[in-house]
Structure formats: C-alpha cells, structure tokens
Ligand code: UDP
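Next up: a single chain in structure tokens, the form predicted on its own.
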Amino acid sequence: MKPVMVAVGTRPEIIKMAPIIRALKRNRIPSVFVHCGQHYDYNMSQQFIEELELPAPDYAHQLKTCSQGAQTAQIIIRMERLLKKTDPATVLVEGDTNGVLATALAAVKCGIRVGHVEAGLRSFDLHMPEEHNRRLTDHISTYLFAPTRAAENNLKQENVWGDIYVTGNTVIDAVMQHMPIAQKKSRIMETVNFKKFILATAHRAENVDDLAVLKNFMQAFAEAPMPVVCPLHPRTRKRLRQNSLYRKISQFKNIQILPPLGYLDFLVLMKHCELIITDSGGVQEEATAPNIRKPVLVARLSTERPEAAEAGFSHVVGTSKEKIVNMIRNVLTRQRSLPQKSPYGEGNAADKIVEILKSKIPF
C-alpha cells in the first residue's frame, strides 16, 4: 500500500498541514511526513512541530543559507532521491514557497501525482517570488484543493489541467483545533506590557530588505495611537541590526519587541490584540477564524487573500508610514463589527481533502 507524502518546509506549511496529518491518521491512511529543509532554524520548524503535538518528521533535510535558485535546486535533488526511496501514491504540498515548487517539480519528474493544498491564490504581482511558485505549482498538480470560489475561478481562468476541488482552508481547521491548547499552555500575555495593543509582524523580503520600507514600518509603529507588540522575525531583526536601527526601536515606549514566537503564543496574542498589522498571508486568514475575528491591515501593495478584504476583515494599506498610521486610527475609531463566519471555511477542510484522496487513490 503506497503512502501519501506530506511535505512541509516552513512554519505556515507545518501549521496548515497539521490538520491533514491528523485526518490521514484518523482514516488509517499510511503517510510519510517530510521536512524539506527550507526553514532550517529550530525556532522556525521543529518548535512548531512539537507545539502542535505532531509526530516527528520521518525524513528531515537541512539546508545552508543560499540564494533562492540554489535553495530550490538543492530541494529538488534531495526530494527526488527521497521520492524514489519512499514511492508515495501522491505528494501533498501547501502554499507558495521554494520548497513547495521544488517538491512538486521533483514529484512530477518521478511520475508521482501532486496535490496542491491552498491552490489558486493570486496576488497578480509578479515581483513576488511566491506568485511564481504558486502559479507553477498549480499548473503541474493533479489535485488542486482551492480554499475558496475565487481561488477556483483563478484556476479555471488559467486552464489548469488538474482536478479542482473547493475545500476551504486548513488554516481555519488549525486555529480551531489549536486555540484551546494555546490558551492552556501559553504564558505570553504575562510578558505583554499593555492591556490594549496592536499586534504587528513583518518578514517579507520585499519589505524588510528595503531600508525605506523597513523605516516606514517602524516609524508607523512608533506613532501609532495604541501601543504595538512586535514579535520580530529573524530576517527582520537581522535587517534592523545591519542598519543600526534595532537599539533605537527597542527604546520606543510605544513598541514592545518580542523574540520570534511559537505558534501557540502567537494565537493567544491574536486573540487578545485589538488590531493586527502584517505582511503575512497566513495571518490574514487566521484573523478571520471564529475564535479570533480581528481586523487586519495588510502592509503590502497587494494581497492574494481578497476574500478577507471583501468580507471586511482586512485592508491593504501599502507600505507608507502615513497610510498605515491613518488606517490604524480609522479602524480603531470606527469599531465596525466583523462577520461571524470566516470566508475560508468552517474548519473541516482537512477532512474534505482526505475524503477526496480516498476516492481518487487506491489504498
């Protein structure tokens, strides 16, 4: 009996694949859990696996820091070897990272079917490497698990050859499954200095590698009308230090800098904050979960999560300090009620995906 391979490489992938790993186990479907090595730092990978009480990966690669092209090539080579060794019935990948594209390419070259979880997302901004990755992966996948009708429409307009299924997004499954655990285990609120606060994150290369944009973000946080709690991604911390900004930012009374956080701590911060500012795609989705429901300012020029904006959860504000600060004031003063339901599903996406696999693959 051939297994299903579940391949991950970054924190968001681990989180969003966790419900699928559990659903496969509940259905007694053999599986192989693989970490392709894109995030090799312990805090960005193994910590999340342990926090979510998942089994350790059956196989885990470790890559050294290198260019995006070299990283993609290394993952293809390593995953091809592993695919020949394990011979899975299909390979499940999630999202839009280099590891996702590399694993999908390796599988196709080995004649193995690919299932793309969270297929059909589009920012329509080809400056983003993620846009290349997600488009290419969609066009070589056999099974495309679209989280929404809008994502399904994107796939149909591009005439992808694989089978399309609208399943909802497993990120909602993950939030609903893990919030009770987070509230029991996390002590992060004991470290927060403010009763009411804004939660802010930034990590995308096009933002934090651009000194002008990085300064805009930090100045906006400093001038915000409510204190800002800012867990720093390692990349962001590195850029702040390289540009002699870290010490200055740490001294602002309106900003509390936190180290990179585990998933459970971050869930609790999202639940307790008043507003979220982020350039993360996954956070835009998580904020719509019924047990979080927080407004989000998207600090980017575009988003591949238009459903959250259309539902009233998020607002694309760009990267200028003035626009960010003005929108913070607008959102905090308007106090608009948010929808009770998430546009990304009801928390049963993983079960739908596994049921589809059961109907397509002979186990």
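Everything quoted here is computed from the prediction, not taken from an experiment. All residue numbers refer to positions in the sequence shown, first residue = 1.
If you look for the form predicted in complex with the ligand, you will not find it shown, but the lines that follow are about it.
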| query | finding |
| --- | --- |
| Contact label in the predicted complex: residue 146 to the ligand, heavy atom within 4.5 Å | no |
| Interface membership of residue 343, the ligand in the predicted complex, 4.5 Å heavy atom rule | no |
| Contact flag, residue 263 vs the ligand in the predicted complex, heavy atom cut 4.5 Å | yes |
| 4.5 Å heavy atom contact, residue 15 to the ligand in the predicted complex | yes |
| Every residue of 178, 272 and 290 near the ligand in the predicted complex, heavy atom within 4.5 Å | no |
| Partner-proximal stretch of 280 to 288, 78 to 86, 210 to 218, 189 to 197 relative to the ligand in the predicted complex, 4.5 angstroms, heavy atom | 280 to 288 |
| Contacts with the ligand in the predicted complex, stretch 91 to 112 (heavy atom within 4.5 Å) | none |
